[in-house]
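As structure tokens, one chain now follows by itself in the form predicted alone.
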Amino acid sequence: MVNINTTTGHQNVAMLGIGAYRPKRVVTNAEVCEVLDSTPEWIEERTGIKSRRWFSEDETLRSIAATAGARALKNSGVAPEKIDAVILCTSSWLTFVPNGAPSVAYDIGINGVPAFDLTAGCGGFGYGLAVASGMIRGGTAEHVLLIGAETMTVGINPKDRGTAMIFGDGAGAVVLGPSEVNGVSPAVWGSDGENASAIRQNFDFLNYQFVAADYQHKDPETDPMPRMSMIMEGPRVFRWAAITLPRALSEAIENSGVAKEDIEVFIPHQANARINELMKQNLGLPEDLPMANDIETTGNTSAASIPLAMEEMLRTGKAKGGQVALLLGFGAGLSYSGQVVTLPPAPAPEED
């Protein structure tokens, strides 16, 4: 039998730096309700959201991803030429070919390295974290730039109460590399294809047509062009989350080798403030344990949600670099990913 070479890398991996970009446009609940049949008070009560960021003017998914990635590089102290791979976690890049990561990497000054998109909905950043750390441990990369970036508002119906009030846009990124002490636990991740249709789009790209059950035809005089949008069955997703996520969180802590009492920060996906508070209580985490609440002013940014929330906590002093944090991403797929990590150093102040 022929012996084929293998590689070995660094078993201890950590996040070395973090960066973020929030679009300039702030959209309040009142503005959303100019189109949506709701009230600002009802939105805040049900979701915890007061405002969100929507991309506008010269901002694109490509530009906000590149800006977040460049900031993460700067804060990590790792030069662009030291990056061995770029992973772009997103569900809103609008073309299959070319995919987004090579272009984003080029904009940052990184070219010639493997660069690929990873699509796993709101769990995308956790999936990317598992893949990136696995690459470093396996020896196929030493430093990886991991970006979560979304322009979710390209795919929402402004009159849909299930999505219009929830989603926002933004990008967050981290640089991963070798560390003296391990800072990223094994991932506890999975998916449930039986319930995958609970979060879906209303356009069938295979047959290039709208899905009849999910598309309500508009008045051709006022809205002549069909609009591709996302459909979410909130109660169905909630029931799935209530059963699946507590088990995943407990298993993530157990697999990390860290005692629950050693968890210092909780950073769940920013889908709903009420759900996150319930998860914290059900897990038995202390009431005063810092928990991310970036959803209040950023909304649900899907794959960008966790790095944005992490960056906000570090930037504002709600969390500190080196603290032990429990992460949980979940959403379309239906997919989830939980990890225990050591937080990267706080980012430098952002320059406009």
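Residue positions are given as counts along the sequence shown, with the first one as 1. This is a predicted model, so every value here is computed, not measured.
Beyond what is shown, the protein has a form predicted in complex with a small molecule; the following relates to that form.
*Asks:* Only one of L73, I253, A85, I275 has a non-hydrogen atom within 4.5 angstroms of the small molecule in the predicted complex; which is it?
*Replies:* By the 4.5 Å heavy-atom cutoff, the listed residue in contact is I275.
*Asks:* Ok, M232, V113, V154, A196: which has a heavy atom sitting within 4.5 Å of the small molecule in the predicted complex?
*Replies:* Only one listed residue qualifies here, and that residue is M232.
*Asks:* Indicate whether the small molecule has at least one heavy atom within 4.5 Å of a heavy atom of R247 in the predicted complex.
*Replies:* Flag for R247 set to no.
*Asks:* How about V27 - does it come within 4.5 Å of the small molecule in the predicted complex, if we only consider non-hydrogen atoms?
*Replies:* No.
*Asks:* Under a 4.5 Å heavy atom criterion, is G331 part of the interface with the small molecule in the predicted complex?
*Replies:* Output for G331 is yes: heavy atoms within 4.5 Å of the small molecule.
*Asks:* Residue-level contact is defined here as any heavy atom of the residue lying within 4.5 Å of the small molecule in the predicted complex; does N300 satisfy this criterion?
*Replies:* Within the cut-off, so yes.
*Asks:* Heavy atoms within 4.5 Å of the small molecule in the predicted complex: which of the stretches 131-139, 103-111, 232-240, 76-84 has them?
*Replies:* In short, 232-240.
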